[in-house]
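Coming up is one lone chain in structure tokens, specifically the form predicted on its own.
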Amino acid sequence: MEVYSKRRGETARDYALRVLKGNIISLDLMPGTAISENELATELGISRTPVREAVIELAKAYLIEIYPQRGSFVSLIDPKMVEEARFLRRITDTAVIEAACDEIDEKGIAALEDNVSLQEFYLSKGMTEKIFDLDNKFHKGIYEAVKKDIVYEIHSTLMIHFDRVRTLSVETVKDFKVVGDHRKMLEAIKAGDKVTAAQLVEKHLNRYQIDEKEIRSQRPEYFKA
């Protein structure tokens, strides 16, 4: 498990929650992994109570399963939850990218341009491990550009179900067409082309749906039956 630095002003609970979320998304905490609250508290240098609170919150989001007398475990990937997350993201991402076509300013365009250029650079150098984080930042940047960053944060926990499949798509299927998708999305935003932008979001999100069968054939132990 990767342990992140604690941010200034961050509560112990929020810190534990951020570390757990990040490691579940990256699969450093793989589906089915046991979660020891005592060990996690020691690693993070905090007390057990905020760790317990973070575990309970993730259990409410169906990302951790708590079994009395047995312990807590990272949930297996549930295809139903993945599809619900993808459905929600399709609705919100489409609305947000259409808004960006009208509202984004030069600063927002520049930030997205820097992000996509970095993705293209890392892809050309074979440094593909960098792309997933930049992928997340690209989409978050569109939300921020149209002042919908709170919407992004509200649905971010549900998106973890979808994000785990995205991680597996990169690691198992080795599909990096998403970088080209991001370049095309940015060009559509620059052109103010809402129709093309919305179509690109649909195509982009469907990539992971297409990859799921291949991923499940290679990593069946990660999925609920």
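Each residue number is its position in the shown sequence, starting from 1. These figures come from a predicted structure and were not determined experimentally. By rigid core we mean the largest C-alpha set that fits within 1.5 Å across both forms.
Although not depicted, the form predicted together with a further copy of the same chain is the subject of the following passage.
Residue contact check for Leu17: one or more of its heavy atoms lie within 4.5 Å of a further copy of the same chain in the model of the complex. Although the partner is absent here, Glu57 sits close enough that one of its heavy atoms falls within 4.5 Å of a further copy of the same chain in the model of the complex. In the model of the complex, at least one heavy atom of Lys148 sits within 4.5 Å of a further copy of the same chain.
In the model of the complex, at least one heavy atom of Ile154 sits within 4.5 Å of a heavy atom of a further copy of the same chain. Put simply, of Arg183, Lys194, Arg52, Lys190 only one has a heavy atom within 4.5 Å of a further copy of the same chain in the model of the complex, and it is Arg52.
Interface residue among Glu113, Asp133, Glu120, Glu84, judged by heavy atoms within 4.5 Å of a further copy of the same chain in the model of the complex: Glu84. From the list 105-113, 134-142, 73-81, 120-128, the contact stretch for a further copy of the same chain in the model of the complex under a 4.5 Å heavy atom rule is 73-81. In the model of the complex, Lys80, Met81, Glu84, Phe87, Leu88, Ile91, Thr92, Ala95, Val96 are the residues of 73-106 with at least one heavy atom within 4.5 Å of a further copy of the same chain, listed from first to last. Relative to the superposed rigid core, the position of the CA of Glu37 differs between this form and the one not shown by 2 Å or more. Annotation: Cα of Ser72 displaced by at least 2 Å between this form and the one not shown, core superposition. With the core superposed, Lys203 shows a C-alpha displacement below 2 Å between this form and the one not shown.
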